[in-house]
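Single chain ahead, by itself, as structure tokens, in the form predicted on its own.
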């Protein structure tokens, strides 16, 4: 496993030219994943319809992937990317791995490849939950990356199964109701239960942990699943330049704790104490996003984030959900 500084100097297969929002966490994640995969092994990437796909593969105008303008002579430096419909990234990755294994078994392929799939949370948990779980259950030797921005950001900011309680979305508007009334799908537990060899929830805001998790995901037996919390500037409605800050606040306050786990070894929760008194108040996270403007607001004089009158009960429910979320992550970390 290479050092963090060494990895940072490696070439990334994610190139300039995407139309993702400036400062988008998905762009930062792909930059880091692209550097990790510059490790002497050919990379084959499958990517489902999502912000990450339509903003980076709008052929012939935008193709923000590859390792140079021309195909490199070095097989290990070569890079392939396959686009597929919303739900099929894990299945296509599994099929790619199966074909590579068959070619290896008959002597037609004598060099290693690494296979990575990418989806948004809408494509993975709503449209494509079946394909996600079946690929994990079959222990395909692939890394599955799910970029979790808690909405269908590519098609109009609709609710997704990952949307946190009381968030305002285009299909759960905070008009007459306090936004989304359902807790999100427990996708981390689902991945573990389906048979994943490794599961992590990390964003590049935790730089070293993120890079190490991606590196490890390429080595483990079976399927590795990396859930990447990806604050969405347009959908979460916050100011440019706050992406990393919100990712850290979300993790540290307990909305999406930094988590890594391996089968047979157990896991850890990092940078998010189980005791609520040791974590940032959830209002700090909510107060930076206009999707929670119906719950909290900033005092114009002090800048302090306060619960809006009449929303006290909903805030208590949200606070309780956050604590249950943190407790669950610690329980999952204890599993082997």
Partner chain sequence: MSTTTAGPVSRVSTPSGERYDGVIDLARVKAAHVPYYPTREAVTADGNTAAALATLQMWRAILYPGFPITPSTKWIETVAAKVGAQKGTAKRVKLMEAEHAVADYMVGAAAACRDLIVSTATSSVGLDHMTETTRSLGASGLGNVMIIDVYRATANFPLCIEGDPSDALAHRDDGFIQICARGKQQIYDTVIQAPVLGMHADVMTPTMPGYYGIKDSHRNAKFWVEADSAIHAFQDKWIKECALPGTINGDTAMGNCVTSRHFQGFKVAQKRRIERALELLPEIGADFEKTFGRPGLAYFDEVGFKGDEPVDVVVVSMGPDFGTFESIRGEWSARNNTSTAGLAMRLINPFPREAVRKRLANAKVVLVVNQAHHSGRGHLTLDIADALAGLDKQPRIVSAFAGMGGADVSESTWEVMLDEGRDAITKAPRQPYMVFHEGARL
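Predicted, not measured: the structure shown is a model, and the values here were computed from it. Numbering follows the first chain given and starts at 1.
Although it is not shown, the form predicted in complex with its partner chain is what the next lines describe.
Comparing 178-186, 191-199, 128-136, 238-246 against its partner chain in the predicted bound form, the single stretch with non-hydrogen atoms within 4.5 angstroms of it is 128-136. Checking 169, 253, 88, 260 against its partner chain in the predicted bound form, a heavy atom within 4.5 Å turns up for just one residue: 88. At least one heavy atom of residue 110 is located within 4.5 Å of its partner chain in the predicted bound form.
For the chain shown alone, residue 234 is not a contact residue for its partner chain in the predicted bound form, no non-hydrogen atom being within 4.5 angstroms. When contacts are judged by a 4.5 Å heavy atom cut-off, residue 92 counts as touching its partner chain in the predicted bound form. Although the partner is absent here, residue 272 sits far enough away that none of its heavy atoms falls within 4.5 Å of its partner chain in the predicted bound form. Residues of 95-121 that come within 4.5 Å of its partner chain in the predicted bound form, judged by any heavy atom, are 95, 96, 97, 98, 99, 100, 102, 103, 104, 106, 107, 108, 109, 110, 111, 112, 113 in sequence order.
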